[in-house]
Structures are given as structure tokens and as C-alpha cells.
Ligand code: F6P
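A single chain comes next, written as C-alpha cells; it is the form predicted on its own.
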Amino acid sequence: MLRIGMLTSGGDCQALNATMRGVFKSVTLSSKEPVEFYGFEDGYKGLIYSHFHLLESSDFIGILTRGGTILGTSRVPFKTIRQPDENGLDKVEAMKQVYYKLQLNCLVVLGGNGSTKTANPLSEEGLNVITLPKTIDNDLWGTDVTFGFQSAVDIVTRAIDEIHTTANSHGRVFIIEIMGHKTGWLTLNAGMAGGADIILIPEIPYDMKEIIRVIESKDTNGGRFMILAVAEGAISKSDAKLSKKEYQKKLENYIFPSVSYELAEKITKKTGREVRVTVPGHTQRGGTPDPYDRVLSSRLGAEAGRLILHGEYGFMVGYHNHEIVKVPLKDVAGKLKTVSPDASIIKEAKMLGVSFGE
């Protein structure tokens, strides 16, 4: 009997179910022995507190196009994983005990950066672990793209597309605030696809004077409206120079809901332009996975199934140069894939007239 545990951890996205389906189908169709799949409920919490159920083949029917996760998810911060819970429970030891109690052959974790960091110590302590790269932020090291990313790009691009007409009608400056606290992959790609005039990402601190210059320059050249694609983690050059402690202190007294509203107020004061902020919010994580993500997640799931059947553990399944690859989990955990300010896509965007507020 082959016993496999699966969990989805962290923020949800559009192709989690499609990926689990890929794992299930590839294993059950090729295994020479009976297979049982156990689904842990609400991420690592299910593994810690032994909340799980046996998954049936019927659970995987019709979920290729279904967003969210049939297992539920939650966030268990990596920085607290070694700390006992409120009842003194050792979380790592509890997860190991549940794994052994169920006599699992392996644990499949679908998650982003934090989830992968948590999976690594479990692997190092002897559990057979395989991870699959999930996040709309596309910030996992070791893979060119994560599942969920392209679907989120599509959603944000549509939001920007639909802003164009109202922005033009009223001659307004529009700021679209996009998810991404630490990295700007989503904002960069959706901003370019949506024809944003200014794109602000965490990796390239902005100068407010330059943003004002770009807006006024477009006014002078007959531009009726302006669109800014702004990552929620965008930061000014002056703030970027602060120490982590100084920046945290500033945030404690921050009067704006987010950076986009601060930008809106400053643009209005400096230019007199009418500014509106649009926040797509959690729509970026929701809905049906697009065709690209369905194919990618199915391929990733199939490769995870192959690794399970061959007893190859301690890997993240990734995507590199159009091929599915396996990357040692220890090489992935804790590494963030950021946008390089010198990346070719940044240079090409600038050639097209996009400003990054530098």
C-alpha cells in the first residue's frame, strides 16, 4: 500500500486543485500497488493537529477548472514553527507523529516561500517530502514560474484594461494597487500587459519628483489620463534608506491605508490632478485557473507523481527553460526570487516608455 499525504498552505490561488489532480492521476494510473491519499485540512494546521480525511477518486473529478483548494488552507508562519503553541505543543514533533501514525510514504506540500521553508526541516528530520511551487507572486527560487501566477496576471490585466476607458472619460490619474509585498513580478507583468505609464515595484525604489515629472510631461504632450501600476510593497528612495527598525517605526504611525493612497494624495497636491485608487484585492487569487496554469499545474503534478513512484524525495518540482525539473528542497527553502533592476524585461519596458519612478 502506497500512502500519500497532501496539504495546501499559505495564500490560495487558482490552480491548487488542478495540481493535486495531477498528482493523484499520475500516481493512481501508474502505481502497481494500491494507493491511499490523505488530505490534511487547512494547511499545516491539519498536519499539526491531525485533521485529515481520506480522499476518494470522486474528490478529484471536475476540479481541473476549480479555483481555491478543496482541502482549505491557512498560514502558519515559518518563524513560529519551532515555537510551542498556546498549549505547549511542539509543532514539528506533532507533524512528524501524525505522518508516522498514518504510515505515510510521503508528504506533498503545495505552497509558496513560507510553506517551502517549513517543509525543509520536515525533510531534514527524515520525512519524505515533495513540494510544488504555488504563489501568485512568482517569487519562489528554483522555478521560472509558479502556478497561479499567470492566472493572477490575467485578472490584474483585465482590471487595468477596464480602467482605461473611465480614466480617459474623466481625464484622471488612476492607481491600481497590485499584490506583492516583497517582489514585483505580478505588477511588472500585468502593468506591461495593461499599458501602464508608470510601474512601481519593491525592487526599484521610486522618487516622488520623478513620478510628478512623468505625469506633468504627459499632460504637456496631450495625454488625457495616466495609469500607475503599483505593487503594495512599493517603497520610496527615502524610505529604502531607512534601517528596518526605523521603517517599522514609521509604519506604526502611517496614516494611509496603503502606499497607493499616499501616492494619490501627493500627486493631487503637486499637480492638481484628480486621482483615483483601485484595489483588485483578493480577486487576484480567485476564480478559474487560466489554460496556461491548468497545463503547468498538471505537468508539475505529474512529475511529482513520477518522483513518488520512484521514491525520489526532498525535492521541489519546478519549471525551467520550458521543462519540468526537480530542485533539491534545501537549495530552494528560504530563497526569494526578486526582479533584478537590470533584468532585460525592465530595460525593454523602459524602451517602450514605461517609467519605474527612478
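The numbering used is simple: start at 1 and walk along the sequence shown. Worth saying up front: this structure is predicted, and the values here are computed from it rather than measured.
FYI, the form predicted together with 6-O-phosphono-beta-D-fructofuranose (F6P) isn't displayed, but the following is about it.
The contact with 6-O-phosphono-beta-D-fructofuranose (F6P) in the predicted complex, taken as any heavy atom within 4.5 Å, belongs to H282 out of R224, K241, H282, K270. Shown without its partner, this chain lists H181, H170, K237, R276 as candidates; in the predicted complex, only H181 has a non-hydrogen atom within 4.5 angstroms of 6-O-phosphono-beta-D-fructofuranose (F6P).
By the criterion of a heavy atom within 4.5 Å, D137 is counted among the residues contacting 6-O-phosphono-beta-D-fructofuranose (F6P) in the predicted complex.
For the chain shown alone, R82 is not a contact residue for 6-O-phosphono-beta-D-fructofuranose (F6P) in the predicted complex, no non-hydrogen atom being within 4.5 angstroms. Put simply, K250 is far from 6-O-phosphono-beta-D-fructofuranose (F6P) in the predicted complex: not one heavy atom of it is within 4.5 Å. 6-O-phosphono-beta-D-fructofuranose (F6P) is not drawn, but in the predicted complex it has a heavy atom within 4.5 Å of E232.
Just one listed stretch, out of 116-124, 129-137, 97-105, 255-263, contacts 6-O-phosphono-beta-D-fructofuranose (F6P) in the predicted complex at the 4.5 Å heavy atom level, and that stretch is 129-137. Along 73-111, a single residue, R75, places a heavy atom within 4.5 Å of 6-O-phosphono-beta-D-fructofuranose (F6P) in the predicted complex.
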